[in-house]
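This document starts with one chain, in the form predicted alone, laid out as structure tokens.
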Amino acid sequence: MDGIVCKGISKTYDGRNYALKGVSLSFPSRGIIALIGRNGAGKTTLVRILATQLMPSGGKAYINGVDVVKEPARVRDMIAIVPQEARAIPWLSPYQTVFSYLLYRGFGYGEARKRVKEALRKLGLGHQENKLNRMLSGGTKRKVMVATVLSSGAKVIFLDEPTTGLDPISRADLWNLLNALKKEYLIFLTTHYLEEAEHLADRIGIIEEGRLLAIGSMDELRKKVGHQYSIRVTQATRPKAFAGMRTTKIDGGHQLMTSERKAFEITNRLVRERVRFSTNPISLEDIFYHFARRQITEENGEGEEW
């Protein structure tokens, strides 16, 4: 039972307020699994449980077959984590940052020196190893934090929103790094950036109010949605071509998710109506909107059915 396995994981506070509600998932020993959801959805809570930092209220979780509750010390030897709030200490260098982390994990001086050099080389930081962290760019500082977990030799890595606040170029650089690393490691990634999950992840989980609404590859999620294409119009008035179909108001216009055959029929009608529109295979944004926001938009009167 290699990889990550969760069976009905729940977390409640005061016996009433649930942060997680029966989350079940499994993922093999290599690749990237991304968990997406809004603030407070339960992403960080699940990471903290899997990383043995928080006790679940119910259910079971395993890392490479080891129970995270019954054998936390063994689990900690197999994993490494970069928490959401983790930052490189400004007055240390990348070398000192990784070296001190390894000493904290119990490595001897000689082994730590060897591992620091290898980790910094692997991330392309060797030429900056003695530069103070405060002199580095935001993207490079994040690479330093990733270097710490790689240096440990752990094959299961948790990254909690690792690219938050990065500029587009730094984010793309980190994406390239993670894409390369996923061939050797199991990376559990939480993110607010849907394009990040779509670009990086082998499997994507959508979590809302503590419930795992869906999980799978992009193709599997598209099948679960039951639609292949998204049609968007920019005008606020409902086009006649959408009559009798369920649409969602978005960005001042309307969106319809439908099958390939229906999309062909509807777009022909939109052309005849001289309506400006776009048609694309449904994206992760569309999938997320379908699963996580459908109920909210209906309650707010933003979704309509004709």
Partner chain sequence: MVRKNIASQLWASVLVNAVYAMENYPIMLINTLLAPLSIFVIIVLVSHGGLLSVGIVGALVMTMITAGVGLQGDLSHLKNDMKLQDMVVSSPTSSLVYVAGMGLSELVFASPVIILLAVLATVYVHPTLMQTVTIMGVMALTFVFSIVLGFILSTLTTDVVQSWGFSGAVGVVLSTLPPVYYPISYIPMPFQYIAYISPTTYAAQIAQSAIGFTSVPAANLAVDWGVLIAVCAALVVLAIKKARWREP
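For the two forms, the rigid core is made up of the largest set of C-alpha atoms that agree within 1.5 Å on superposition. Positions refer to the first chain, counted from 1. Just so you know, these numbers come straight off a predicted model, no measurement behind them.
Keep in mind the form predicted in complex with the partner chain is missing from the figure; the text below concerns it.
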Is there a non-hydrogen atom of residue 88 within 4.5 angstroms of a non-hydrogen atom of the partner chain in the predicted complex? yes
Would residue 134 sit within 4.5 Å of the partner chain in the predicted complex, counting heavy atoms only? yes
Spell out, yes or no, whether the shortest heavy atom distance between residue 105 and the partner chain in the predicted complex is within 4.5 Å. yes
May I ask you to check whether residue 177 falls inside a 4.5 Å heavy atom distance of the partner chain in the predicted complex? no
Candidate from 197, 215, 157, 145 lying within 4.5 Å of the partner chain in the predicted complex - any heavy atom: 145
In the predicted complex, which of the listed residues (186, 120, 149, 231) lies with a heavy atom within 4.5 Å of the partner chain? 149
From the candidate stretches 200 to 208, 216 to 224, 92 to 100, 169 to 177, select the single one in contact with the partner chain in the predicted complex, where contact means a heavy atom within 4.5 Å. 92 to 100
Check each residue of 108 to 127 against the partner chain in the predicted complex and list those with a heavy atom within 4.5 Å, in sequence order. 108, 109, 111, 115
For residue 206, does the CA position differ by 2 Å or more between the shown form and the other one when the superposition is done on the rigid core? no
Rigid core superposed, CA of residue 75 - does it shift 2 Å or more between the shown form and the other one? no
